[in-house]
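The chain that follows stands alone, in the form predicted alone, written as structure tokens.
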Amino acid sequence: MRVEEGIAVLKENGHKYTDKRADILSYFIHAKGYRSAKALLAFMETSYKGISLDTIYRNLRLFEQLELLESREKNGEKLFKIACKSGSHHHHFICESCGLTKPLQKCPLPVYTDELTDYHINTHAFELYGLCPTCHNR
């Protein structure tokens, strides 16, 4: 995704352009994986003195509602990354050191459906955690 594409989604949904929103999109577009609201705040404070965590969370919620960002929770903290636009069902490997996120095309759900024959599954998420080759070889 490019910043311009994200801004177009905002405008199409009745939200105005701001430099802050463009910079938030740019931050996530260039990030390797999931990032916290506090990390975004630290980044934004370099350009926007006095920006509040409320402003950060308000924009993160908006971007998530518009499917520009996706989120997950780890150790009680909500993390965000630019939404995958692959158009295909997939899961992720997430490096615990640098945050790199690699899409995984194979879905393990069929392995479990035999064990859950009397259950109705509405949705699922599958993530693997470990170290990417770069971090593993450090």
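Start at 1 with the first residue shown and count on from there. This is a predicted model, so every value here is computed, not measured.
Below, we refer to the form predicted in complex with the DNA, which is not included among the displayed structures.
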{"query": "Location of the DNA contact in the predicted bound form, chosen stretch of 105-113, 91-99, 26-34, 46-54 [non-hydrogen atom, 4.5 Å]", "finding": "46-54"}
{"query": "4.5 angstroms heavy atom contact with the DNA in the predicted bound form for F126", "finding": "no"}
{"query": "Partner contact for E77 in the predicted bound form: the DNA, 4.5 angstroms, heavy atom", "finding": "yes"}
{"query": "Partner proximity in the predicted bound form: K16 to the DNA, non-hydrogen atom cutoff 4.5 Å", "finding": "yes"}
